[in-house]
Every structure is written in structure tokens, then in C-alpha cells.
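A single chain, nothing else alongside it, follows as C-alpha cells in the form predicted on its own.
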Amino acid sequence: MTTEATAGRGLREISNENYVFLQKWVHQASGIVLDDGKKYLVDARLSPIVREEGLDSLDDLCNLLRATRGAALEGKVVDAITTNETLFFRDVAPFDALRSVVLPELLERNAATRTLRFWSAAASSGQEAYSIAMMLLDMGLSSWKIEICGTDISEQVLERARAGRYLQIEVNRGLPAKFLVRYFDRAGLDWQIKPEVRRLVRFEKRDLRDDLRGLGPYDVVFCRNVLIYFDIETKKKILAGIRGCMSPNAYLSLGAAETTFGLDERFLRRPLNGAVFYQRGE
């Protein structure tokens, strides 16, 4: 059992044998590739689970994963490994391009239906999806039929996203002050997104490696800082699945270090006002 002494110090470094096991286990469970230099990340993400389970080391956790087929424990490990930091209006440039170029084009194209559909394909705790919603409301599009779907493999972060409640430090990072005043209510020490924003967004659990048919078609897909965690064949599969969920001429936003080049040539690269989007052809 974990004692006060072990809880107050770092855990023993995972053995090479168990790290190899964990690499294979995580890849099978989530598709994420943990290279040999990611032991620090594994330690930081999984140490709280080790202590919560009353174990003494990451090696003990690996042994428990070998012996147990419990969805609860496996879910905790997947959630811990896949949960990535996010913030409102992350990196700014893609949102500026969305407002100044992509949305004006979509408003003209979709004028007959007055419908806009967006997908935040790795929604995490919801900041990206809610950023899109706030931008649309700020542009005076509340009379349009707007659908924003946020998906993630982690049910834990999706629960936070659905709640729409954020810490002070989270709203301090990236969120314009006017949006905090307009679209949030104070909730004790936290901030609660107003119903007018939350009603535009829904969240559901999805693994991007699965069959994505039934989603979409979407006008804009944000799948940012996700592909970098997968091997080449998984990247190709994910991009093909996303493309199948996009309307003709729809736009895809990837992370700054990501590209469709060499993975799916059916996307057209579109530099837009300091950002790069990828457009699905007809």
C-alpha cells in the first residue's frame, strides 16, 4: 500500500520491460505512439493513478493492467495519457482566418439554408468548441442554424466540457475580456458559460480511428495538435475519415506542426491570413 512517505516522493522509474508493455498497450487502446523519450510524460500523467490505486510504482500499475480487464482502470489510464492542454482561441491565427476569410465564404455559400456546421475533433475540455460558438454569436449569427460538435476519446474531459465551467486561470488564458463579460456568469470562484453559448454545442465520445460515418457533413473541422501523436498509417486513416465527414469545399484546420502532405493529397492547402487551412475539393 502507498504510505505517506511514498506519496510525498517521486515514484521509481518504470522498468524498460514495462515501458515497452505500456507503449504497446497505449497504442492499442488509443492509437497514440509513446516514443522512448516520453517516460517523463508517462510518469507525470500516470503517477496520480498509481497513488489512487494504492500502488507503489508504475511497474505495479503495468502488472495490474496485465491482470485486469476492468474498463474503469483502463479508462483512467487512457484518459490520463490522451488528455492534452487546451485553451480558448488557441494560437489566435486560425480563429482570425476563420472570422475574416472562411466564415464570409460560408455565409455566402450557405445563404439559402442559413446553416453552419462545425466539428472540434479533439475537443478535450471544450474550450475550442466554445470559442467557435462565441465567435459566431459575436458576429451576429444567432439567427442561423448552428451546430458545433465536440468529440474526444476521453469521457473524463468531455464531462468537463459539457459542464461548461472553468477555473479563473483557464479564462485568463486566451479568452478576450469582452467575451468573458458577455458569455460567462460568475459561479463561486469559477466561471460558467451562459446557456446561449452552450446550446450551440454538443459533446460526444469518439475515437478518431473508428468508422466516422454518420458524422457531418461539416463545413469546418478543427483537428489541431492531434495527428502528431499517431503513426503514419493511423494519420492516413484519420484524415480519410475526417474527409468523409466534410462537405464539398469544406475547411480543415490542423496544428502548426501538422500537414496533410504525403498523407492525403485530396486536400488542397490554403494559406489564409497567417494561418493554413486544408480544403476538401469537390
Ligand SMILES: C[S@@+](CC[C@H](N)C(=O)[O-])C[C@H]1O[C@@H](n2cnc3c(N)ncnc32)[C@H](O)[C@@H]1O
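Keep in mind that this is a model prediction, so the values were computed, not measured. The first residue of the shown sequence is 1; numbering continues from there.
Absent from the display: the form predicted together with the ligand. The rest refers to it.
The partner is not drawn, yet in the predicted complex one stretch among 133-141, 118-126, 172-180, 101-109 has residues with heavy atoms inside 4.5 Å of the ligand: 118-126. If you check the ligand in the predicted complex, you find a heavy atom from every one of Ser30, Leu87 and Ile153 within 4.5 Å. Shown alone here, Arg209 lies within 4.5 Å of the ligand in the predicted complex, counting heavy atoms only. The shortest heavy atom separation between Val226 and the ligand in the predicted complex is within 4.5 Å. In the predicted complex, the ligand lies farther than 4.5 Å from every heavy atom of Ala97. Although the partner is absent here, Ile193 sits far enough away that none of its heavy atoms falls within 4.5 Å of the ligand in the predicted complex.
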